[in-house]
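Below, in structure tokens: the form predicted on its own, a single chain.
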């Protein structure tokens, strides 16, 4: 199990940064310019782990990124990579969807605790926006997940994947998928829900004071978290993956869809984000839930 957990973590770290590199390149080409190499974000992360931080605002400032990383790591370790066999299932036999949803909240919580300790107005602005937006993001996603649990009479991710042997949930429950996918865009930090760290408005958002190893930790958890959310969407709505190539294909399709949506739509303000999330995907999720 230890080897499996290590492989799952390394894969999430690698694919997370690979997809982030693709995001930077695709967005650059859409804007008529060239982006950095695909591995540049990975190199930046490794380089930052070798550097010291130049700021110190107390122990909570340093505990924040650690809590964020813990949430990302635990989330990905409770989501099975494949829909069969006993390899790369991690800790999923010991925790269900409710546990995963609980761990997903640790990231924003750690971010708020760490950033709130340094008092930089740009960081506080980003955290306020993030926590406000989080309410709107969670509502439709949780309703969609509850709908899947009711439809499958189980909160076990493996059971939900097994029940999609004939028909994927994206086809059986399209309204739940649409609601969850809109929330998924926000969870990935993609436009139009990227107001939290909007560089044109709040400089660097919540990460404005982080540096060195703690900035590297924040970047790494973001990459791992992004892959965990892709993996969760694949398991819940696309039947999981039969092989590594199947996993790459399905996560890549979801990733590219989120990137292109992000490059088409302009950024919402915080109020617009919450208003849209509560009126559109939440209503869609409720209708989907009623059908279930």
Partner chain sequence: MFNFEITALGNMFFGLTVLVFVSLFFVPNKHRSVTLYSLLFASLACIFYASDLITLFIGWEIMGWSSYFLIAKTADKQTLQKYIVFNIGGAFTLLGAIILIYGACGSFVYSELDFSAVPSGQVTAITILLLLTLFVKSGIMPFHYWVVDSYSQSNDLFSAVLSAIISKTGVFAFILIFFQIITVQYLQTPILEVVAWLGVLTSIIATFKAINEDEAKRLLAYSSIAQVGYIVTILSIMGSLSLEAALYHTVIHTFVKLLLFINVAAIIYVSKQHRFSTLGGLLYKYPLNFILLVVGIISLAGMPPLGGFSSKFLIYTALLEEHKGLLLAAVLFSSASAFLYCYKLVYGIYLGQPTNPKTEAYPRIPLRFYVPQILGAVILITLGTIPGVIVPMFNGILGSVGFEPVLYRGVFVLGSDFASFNGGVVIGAFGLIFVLILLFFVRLKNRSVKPKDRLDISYCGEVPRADVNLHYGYGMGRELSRIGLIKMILSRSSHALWQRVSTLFGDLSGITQKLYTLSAQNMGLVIFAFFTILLYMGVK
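Whichever C-alpha set is largest while still superposing within 1.5 Å between the two forms counts as the rigid core. Residue numbers count along the first chain shown, from 1. Nothing here was measured: the structure is a model prediction, and the numbers come from that model.
Not pictured, yet referred to below: the form predicted together with its partner chain.
- Stretch-level contact check against its partner chain in the model of the complex with heavy atoms at 4.5 Å: of 259 to 267, 225 to 233, 241 to 249, 59 to 67, the positive one is 59 to 67.
- Looking at residue 278, you'd find a heavy atom of it within 4.5 angstroms of its partner chain in the model of the complex.
- Residue 163 falls outside the set of residues with a heavy atom inside 4.5 Å of its partner chain in the model of the complex.
- Residue contact check for residue 274: one or more of its heavy atoms lie within 4.5 Å of its partner chain in the model of the complex.
- In the model of the complex, residue 7 stays away from its partner chain, with no heavy atom inside 4.5 Å.
- In sequence order, 73, 74, 77, 78, 91 are the residues of 73 to 93 having a heavy atom within 4.5 Å of its partner chain in the model of the complex; the partner itself is omitted from this view.
- Once the rigid core is overlaid between this form and the one not shown, residue 53 counts among the residues whose Cα shifts by 2 Å or more.
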